Ligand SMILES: Cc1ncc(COP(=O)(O)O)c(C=O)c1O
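In the block that follows, a single chain appears as structure tokens, in the form predicted alone.
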Amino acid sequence: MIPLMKFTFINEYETKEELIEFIRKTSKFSMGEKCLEFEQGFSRFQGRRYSVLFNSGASANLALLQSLKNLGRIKEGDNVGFSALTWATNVMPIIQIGLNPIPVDCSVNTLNVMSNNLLATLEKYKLRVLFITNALGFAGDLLNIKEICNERGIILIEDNCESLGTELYGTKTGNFGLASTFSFFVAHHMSTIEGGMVSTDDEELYDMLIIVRANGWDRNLRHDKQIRLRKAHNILSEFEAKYTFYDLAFNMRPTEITGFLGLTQLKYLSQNIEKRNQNYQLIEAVIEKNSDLILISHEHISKLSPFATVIVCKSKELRDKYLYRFSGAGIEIRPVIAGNIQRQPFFKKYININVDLPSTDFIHYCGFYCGNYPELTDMDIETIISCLHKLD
């Protein structure tokens, strides 16, 4: 069988050996220096000023929205546009903190929200936030989207969990908006088993993310910021300050194991991205020749960092036939992310609107994907390719 992901880590043996040694030697496992080191290293890789590590990508999404609400930049009842082709825990926090989720259609050709999709949504809804998902290593025309958001006072934030390392217009995905979230769950570009990150250049948002991550207290802020906050709230002693809670928050702290694994996997990240791209180019060349299939467009992307191999068929009937072929060859397959989120039970339960999303529906019914990772062998790739030749 060719699974969606073969191993937990890139360079699995070396990573496990290093982890065993770390566990033997370390005296602290709760959030500490390794987490901070990973945050700093990730910021350098991403090209952002600040990064805050969380216990999961889902936590990163929730903390980012809660931080924006704590700062007064968004308020209960605001409309938040989101990519209709996305993961459930991108949308759930919007509902959980009292905002209105507005799905935005995604292009069949790019799998992503394009500027024309956004403009079509803005004809019907006024958005305060656009939470865009850079899907599966691809991206929309983010520069145009950013300009529209800037012109209309829309806060742009990015879910970059699946497109770590992708570049367009001379910029990495995840760097177009105010902030971006990342996931380090198993099968992502890098794995800390569980783990997530928010990256931003906004210092005020960075400080609030630190507060929101850990109970609402100030213990992890820089000392001068602690003093300023305590003075503003008339906290007169260190004794009181240790148990003073300044704003709505959660406990989303990672462990030192998360930080250590992040540092270890970061060493292999560029190599991982390059190998994924090489695999995808081999497979894409076959997709391009098959008139049953739709080639995903990425001419505007200068560096592609594929998360998976996405297959979009020209009809549901064709998809069913290719699903059968892939399954018969022992290749593990799954829907494209979570399909059209508007069709998920939780969305129907809590949200009354029903937006017309023809392109996302097409992907929902006609698409699927299989794994793409460095451990795929030549034989694995040949097996995948053999399933992508045109049906008789």
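Quick note: we count residues from 1 along the sequence shown, nothing fancier. Small disclaimer: the values here were computed from a predicted structure and weren't measured.
The form predicted together with this ligand exists for this protein as well; it is not shown, and the discussion that follows is about that form.
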Next item on the list: Would you mind picking out the stretch of 263-271, 235-243, 158-166, 138-146 that comes within 4.5 angstroms of this ligand in the predicted complex, counting non-hydrogen atoms?
Entry: 158-166
Note to self: Check for me: heavy atom within 4.5 Å of this ligand in the predicted complex, for each of 58, 87 and 195, yes or no.
What the structure shows: yes
Next item on the list: Could you tell me which one of 309, 199, 258, 183 places a heavy atom within 4.5 Å of this ligand in the predicted complex?
Entry: 183
Notebook entry, point to check: Looking at 128, 188, 172, 319, which has any heavy atom no more than 4.5 Å from this ligand in the predicted complex?
Noted result: 188
Next item on the list: Indicate whether residue 133 is a 4.5 Å heavy atom neighbour of this ligand in the predicted complex.
Entry: yes
